[in-house]
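In the block that follows, a single chain appears as structure tokens, in the form predicted alone.
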């Protein structure tokens, strides 16, 4: 995990770089950030040059420095990682971006907008990356965001303790300085269609709408109160903490025992957030082993240190209300109207990993008492744009189908897409990786379209 550094600490750390002739750290970076160059500039005290180098490839360095999976990417490829002393690239990137903000460094001039006009739908990592890259290429870019504030999952899906919301806001303000216009409270589909955008003169449209709809478990008892999704929980916590929502809407009470189902980064974020809101227990439930978890090892370790418990090899079979819990545990209590409507526990199947490495449902069942369950079992795209636009095809899971040439274009000419709505839920930097390629595809498409129009004239 990245940590904040003083200037002396950052320069000292940068000087540890070996300046390899074959910089594997850059190979490990999904967006191919010129890591050796900005580390070298930092080691020489040229922080402005270091920031200019980062800005060539990244529009969100302060965010990437905090939430990227450095231990699996750039730092894992560092030659010094073999001695468990890899350069702290994430911390250095964070330091440079924070320094640039504090001292008002703006290495890239604003767009003139002369090359073309692009509409970007959604302001998560994919949309912000496309908008920033196209603005740097001299396109006029307008972001349409359905929420009252831009940021998408960066603002509403990642907890404050991992990514400060002021950091997200300031990175977005840098895009505004590049000339990117941002229109909020405008939901494309219900409020305005893709056809409406084309009618307004946009040369191309980018869809970066993510996976807004959470998946649930189709098991008995799913109608009980006390069951919520991780995306909803994380969102209302942000709104409650910022004073925009009554804290009672969070639905986790001070002494609740909470179970989180799932083992990805979203599940760990939800569990670590729940720990901060209840004095009761917080338990992550997963049907495989710790080694099979998809979350970052550093996030798992942080959750353990904060008191999150983990129960592995457990598969949920059904939610239990208070009446069912009393019957199964042979306990007595005064009956109440809420006995059949409120969650009181979870029935799980014990799983065993056999000699062939397969997970089999043996070992009996178990009852886990709880007051709330948070589901983090995956997400899928909403269909509000696809359903209001002719020609955009999706696969059988609802994910948008795109082409290789021009890269990222959907089956509707001029409409492009990338990020989670195409590839499924991924990390911030992987969404950025694909979106940078799509931005290049959009530029290629608009240039070709304008050239053809000139030839016809």
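Positions refer to the first chain, counted from 1. Fair warning: this is a prediction, and the values are worked out from it, not measured in the lab.
Here the subject shifts to the form predicted in complex with a small molecule, a form of this protein not shown in this document.
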Original post:
Using a 4.5 Å cut on heavy atoms, which of 116, 226, 146, 90 is close to the small molecule in the model of the complex?
Top reply: 146
Subject >> 175, 385, 204, 271 - the one with a heavy atom within 4.5 Å of the small molecule in the model of the complex >> reply: 385
**OP:** Using a 4.5 Å heavy atom cut-off, indicate which stretch of 206-214, 285-293, 93-101, 351-359 touches the small molecule in the model of the complex.
**Re:** 206-214
Original post:
Heavy atom to heavy atom, is residue 187 within 4.5 Å of the small molecule in the model of the complex?
Top reply: yes
Original post:
Heavy atom to heavy atom, is residue 40 within 4.5 Å of the small molecule in the model of the complex?
Top reply: no
Original post:
How about residue 266: is it within 4.5 Å of the small molecule in the model of the complex, going by heavy atoms?
Top reply: yes
**OP:** Mark residue 326 yes when one of its heavy atoms lies within 4.5 Å of a heavy atom of the small molecule in the model of the complex, and no otherwise.
**Re:** no
